[in-house]
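Have a look below at one chain only, the form predicted on its own, in structure tokens format.
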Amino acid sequence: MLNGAIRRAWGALALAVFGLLSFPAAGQVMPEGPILAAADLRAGQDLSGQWNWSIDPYRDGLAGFHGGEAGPSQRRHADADVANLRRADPLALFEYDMDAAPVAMLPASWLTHSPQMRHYQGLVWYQRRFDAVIDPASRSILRFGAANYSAEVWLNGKRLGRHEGGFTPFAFEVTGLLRARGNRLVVAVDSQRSSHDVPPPVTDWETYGGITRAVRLINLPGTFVDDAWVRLEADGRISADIRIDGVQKAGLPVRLIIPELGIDQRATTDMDGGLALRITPRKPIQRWSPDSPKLYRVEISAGEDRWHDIVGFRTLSVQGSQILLNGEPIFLRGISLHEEELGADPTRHITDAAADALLVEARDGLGANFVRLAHYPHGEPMLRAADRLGMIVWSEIPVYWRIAFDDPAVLEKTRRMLAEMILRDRNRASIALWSVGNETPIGDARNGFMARLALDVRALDPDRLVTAALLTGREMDGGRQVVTISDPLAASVDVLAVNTYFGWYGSDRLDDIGTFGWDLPIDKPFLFSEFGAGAKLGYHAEGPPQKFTEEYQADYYRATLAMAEGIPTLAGLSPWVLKDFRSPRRQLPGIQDGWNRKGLISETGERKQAFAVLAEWYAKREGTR
């Protein structure tokens, strides 16, 4: 059985083999600012609602046309009442007024602010006015769930900082910067990406620029619980690693309580505010699983701070080609999913209800127990829903296609993004797999880059499994097509995974796919991380099925599933994809019209014929290895 220590050693060996070229090999890249574990459960002021917005395609609010500081007439971030200033001085020149700018409801992408914003890529300014309760004894932290792609933030005219990465949280301490009335929060969100960004500009999903997740003002005691990681060890004990932030963090008494398990443990932090507990529960643990997604309330007291999370306990390991959940083999009956709510005009605002609607359709409709959340970290409502509903999760960072693997700065930002994802979500029992990338082209720089990411995963969370969507090769053997994993990154992962589209891309006939052989290592589990075919709901054709008809998609699923049945190491699959999703690269008139049509349901939730094909196959696999 492959445990965390062995996986760490294996990852180090792979890294040594690949090398990292000129990349630094030591030191964990961590998020800037506080971690704020379980921040979504912290009491705070929700800044959702009406925000003013203003487009800035030439970025005049950031710099003048000669490259210097933006002039007074363009400084949207300034703490200035433009209307009053213009009344006081008729000669004052302003070419903006954020207080009078159009209003949008956030969180949401600007794609749905107005029809003119549908394909806008660039800079948009947002402003939120709010009052605040000032408590001199507390610390105030402004926390963003995500802003896509980069965001620069000002509060009352003071620049707080910048964050890059459209799918992970970031926070700024604003203690001493708030006022009781009329705070002015300004955020410059830029959706444009270059070849040195993560993800790069060319993808197969909608960008959804804007503030797409919640913004909250959280007030905390001067010394507070910043990070707490609580999980079940293989020996049945519970481990809790706790990190305190604040001037009184050293030698601070800490109390951890799990009421249902009879746990009430006390200890004292070290000089750095850290604390590691290993606890034997007084009562039996009901382990989390898809059949029984039991969750426990975990409470921590540290000085004046009271922290809690809702946590499931389970173990995860691999044994040969099997994935073991709580020591028992499990077959992952999955589906892939983009972070896009059901509806004709989605805006990437995933509420608890929106997450439930998607995951319940997968669980109860398809009979799935597994979801691949692609191709970036999804928001906290989706992960919380997966915990509640008993859905095992593959979570990944957007290392996708053409990354600048030879740029050390890109590696650093990617490692930070990876840490932001893992530190936010490693208390989620549903997450089984951390993925470090999807379909990335093989090369020396890429191999070292990806191996470094795998090592980071093992350092931050050695108890979960590392994977990636790898590349394959094909060869003839005795007149038979045989598929192999040609990707050297296979040495760095715990679970092998590939995307296969035989019969959709290329000239393969569906009748031939079932005869394909797979030459795979026998000592690692194998997943089909993607396969799929496009179909427009209600599109049918006379005669033999043709692509984009519901009949062809259904036949494609039958052929691919028949091929899957011949793979002895197959531990699961997550076909592409649950629902049709926005993708500007898909423009076949009358069929795609800006939608990727590989969904088993339409964008509004109607099921296609292939949905029943997969559901029937999963029903036969339920309860099997």
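Residue numbers here begin at 1 and follow the sequence given. Model, not experiment: these values are computed from the prediction.
Unshown form predicted in complex with a small molecule; subsequent notes refer to it.
Note that among 214-222, 412-420, 399-407, 277-285, the stretch whose heavy atoms approach the small molecule to within 4.5 Å in the model of the complex is 399-407. Under a 4.5 angstroms non-hydrogen atom cutoff, the small molecule in the model of the complex lacks residue 339 among its neighbouring residues. Proximity of residue 530 to the small molecule in the model of the complex falls within the 4.5 Å heavy atom cutoff. For residue 204, a non-hydrogen atom is located within 4.5 Å of the small molecule in the model of the complex, even though that partner is not displayed.
Contact check for residue 439: a heavy atom falls within 4.5 Å of the small molecule in the model of the complex.
Just one of 576, 595, 557, 53 comes within 4.5 Å of the small molecule in the model of the complex, counting any heavy atom, and that one is 576. Though the small molecule is absent from this view, in the model of the complex it lies within 4.5 Å of a heavy atom of just one residue from 331, 120, 501, 539, which is 501.
The three residues 65, 75 and 125 each lack any heavy atom within 4.5 Å of the small molecule in the model of the complex.
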